[in-house]
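Below are two forms of the same protein chain, given as structure tokens: structure 1, then structure 2.
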Structure 1
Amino acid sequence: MGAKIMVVEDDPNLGNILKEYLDLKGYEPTLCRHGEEGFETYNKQPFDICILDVMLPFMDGFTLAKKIRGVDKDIPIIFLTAKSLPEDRIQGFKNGGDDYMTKPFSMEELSLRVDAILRRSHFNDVFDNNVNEFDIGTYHFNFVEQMLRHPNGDTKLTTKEAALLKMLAQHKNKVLEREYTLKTIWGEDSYFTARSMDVFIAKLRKYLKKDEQVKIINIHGKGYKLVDLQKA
């Protein structure tokens, strides 16, 4: 299922167009007509992102954003407005917006911005957690330090190498899906990013060859699996 999006827009034509377009793009949009309805709806069900018009009846978009932030400080918010002055954009970001789009705008651009924000949010969900150290066979991996330690020598990893190894370690002895990994680390699933990931997988295999009980294997049509035979 697609990301759950709350859209708060009082213009019935634009609101319906937004809902229909987001539906077609595979999201799950819920349309609200004013600020108070938006806040009531937000408290009844979880959402992945909010798209808020600034000029709303009963409660403006900035006030609504502040109230939503009081419930969930991390929920991404995109503001929609007819105001295009720099100070208006600054006000939007000061009021907790992750992005700010001026009307009229391209529906395709809005979809791309939603995708980008959700990717960043998901990347943070994956990597901003308290589990940052892993034992992999005779190796010890510290994600924060980007160090792969072994009795026979340590290896300093690059940022992407460390991110990829962390995802593999989080799924140790389980399949790590290729598309999920590409979208989380590289932000997209394309031929070129897939080839790039293959290169990084090859590098990690080289780093891990000091322990014959540890392997990264291909799972045809699905992705990769970090196998630790000592802890399988």
Structure 2
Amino acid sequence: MGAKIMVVEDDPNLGNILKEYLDLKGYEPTLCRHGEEGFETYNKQPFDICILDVMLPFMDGFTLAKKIRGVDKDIPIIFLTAKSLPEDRIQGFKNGGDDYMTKPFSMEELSLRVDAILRRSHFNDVFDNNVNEFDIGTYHFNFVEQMLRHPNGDTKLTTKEAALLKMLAQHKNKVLEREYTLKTIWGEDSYFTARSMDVFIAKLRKYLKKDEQVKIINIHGKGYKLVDLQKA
């Protein structure tokens, strides 16, 4: 499973070459022809990174970037452009870009830059997805079975309870951001999904009461942290 990449490029030639190359490299690219199509597509499915041409018909790349960041403030963005003036590159970064490449560029370099950025983004967490069992204090959590076991009595979890506990366990002793969690489990970050998540946190806290060393603490305005003092 490769990273999902949105490519917005109006030149059909370059667009197709890009798509083919990224496909070959094991990514999952989606090609859009202009800004508006890009924004619509972005709202329909989740992406891990965007590659945007700056000069696009109807809506330029910077404007599109702003709209995308309005939806998803952490999505990595790489700008492509024909201009190579330093001021233009600077514009790219000031518009919230993570990187900026000047045409013509080497496909391999682009793919390496994509890798370098994904290495630092949340995309990594996807790689940890095959780990499905966790030790949490004196508990043992099996995600696939949705079971939270404890010498003192087991608990059968629901799907969402298990999904949330898994994300917390993967970030044990680190902050798990609300926004990221909501986008991953609920698919969107709204007032209601947020309240729903709080309800699930309350449930998990109840289940985890059997071990004093285990706590879910709130990081005000940021998210939650599953603390396991046994390991800390």
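We call the rigid core the largest set of C-alpha positions that still match within 1.5 Å between the two forms. Since this is a predicted model, take the numbers as computed values, not measurements. Residue numbering: sequential along structure 1, first residue numbered 1.
Compare the two displayed forms of this chain and pick out the form predicted on its own. Note: form predicted on its own is structure 1; the other is not.
K206: CA shift of at least 2 Å between structures 1 and 2 after core fit? Passes the 2 Å threshold, so yes.
Did E179 shift 2 Å or more between structures 1 and 2, C-alpha, core superposed: The answer is yes; the displacement is at least 2 Å.
Superposing on the rigid core, is the CA of I217 displaced by 2 Å or more between structures 1 and 2? Passes the 2 Å threshold, so yes.
Superpose the two forms on the rigid core and tell me the Cα shift of G137 between structures 1 and 2 in angstrom. Superposing on the rigid core gives a C-alpha shift of 7.8 Å for G137.
Superposing on the core, what C-alpha displacement does T158 show between structures 1 and 2, in angstrom? Here T158 registers a C-alpha shift of 38.6 Å.
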